[in-house]
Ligand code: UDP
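A lone chain, given as structure tokens: the form predicted on its own.
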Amino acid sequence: MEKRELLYEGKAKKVYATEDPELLIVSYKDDATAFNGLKKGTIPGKGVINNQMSNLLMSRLEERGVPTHLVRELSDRETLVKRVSIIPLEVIVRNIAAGSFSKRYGVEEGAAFDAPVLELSYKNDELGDPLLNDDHALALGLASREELALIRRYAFAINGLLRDIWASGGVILVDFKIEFGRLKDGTVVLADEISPDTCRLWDAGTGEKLDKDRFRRDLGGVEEAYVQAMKRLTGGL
């Protein structure tokens, strides 16, 4: 598959056109950002891990009936995906209180929920990705009621599958952010990535953070944490 012009460059990835208008090539970068781009840095090897991890997990989700944009991995950093129109919603599923949830609601980090919590935010950097509910999403024309119900169903199914996968590697899935997109025919599929950039992952025995929080909070050992997360994943699959 031939890589053509650069269509988009984001914080963590570049997206290229191909000779097929419905297929794109995603290239993962080592750049790291936090706090809506206020903090910037580089995590050597992050792009390779995020690419390979995301593809492994999306393959497992596909096997379990969750449609994704994945076509095939092309190289360590590049993957062929289906072209989607991204639904401008960030979908967050939380199993344990952490990060912005703890700050927003005054809940101690590490408190486990009786049931997973789903949050939606408006994917808009200029507005700071504000939280919204289904009625807001409908009023803004971001998604239909049917799409919102499907996204909710997929999100909880993804959470259950990912929790089991990570648990097999001795890792607790604290929370994660995912995004969905529409194919040309309107089919809703999981897009973007699943990686230590988008998931909070804690060692089940020690509570050690194996994700981007090490970068956000200046904890050190960021590169090693990403490598360890990948080892735990492949050991648990």
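Numbers for residues come from their place in the sequence shown, where the first is 1. From a predicted model like this one, the values you see are computed outputs, not experimental measurements.
One more form of this protein should be noted, the form predicted in complex with the ligand, which is absent from this view; the next part is about it.
Shown without its partner, this chain lists Val171, Leu57, Ile49, Cys199 as candidates; in the model of the complex, only Cys199 has a non-hydrogen atom within 4.5 angstroms of the ligand. Contact with the ligand in the model of the complex, defined as a heavy atom within 4.5 Å, holds for exactly one of Leu120, Ile165, Leu142, Ala98, namely Ala98.
Partner contacts here mean any heavy atom within 4.5 Å of the ligand in the model of the complex, and among 72 to 80, 110 to 118, 85 to 93, 156 to 164 they occur only in 85 to 93. Contact annotation: Asp134 falls outside 4.5 Å of the ligand in the model of the complex, judged by heavy atom distances.
Though the partner is left out of this view, Lys29 does not reach within 4.5 Å of the ligand in the model of the complex, counting heavy atoms only.
In the model of the complex, the ligand sits beyond 4.5 Å of every heavy atom of Lys209. Residues of 167 to 194 placing a heavy atom within 4.5 Å of the ligand in the model of the complex, in sequence order: Asp175, Phe176, Lys177.
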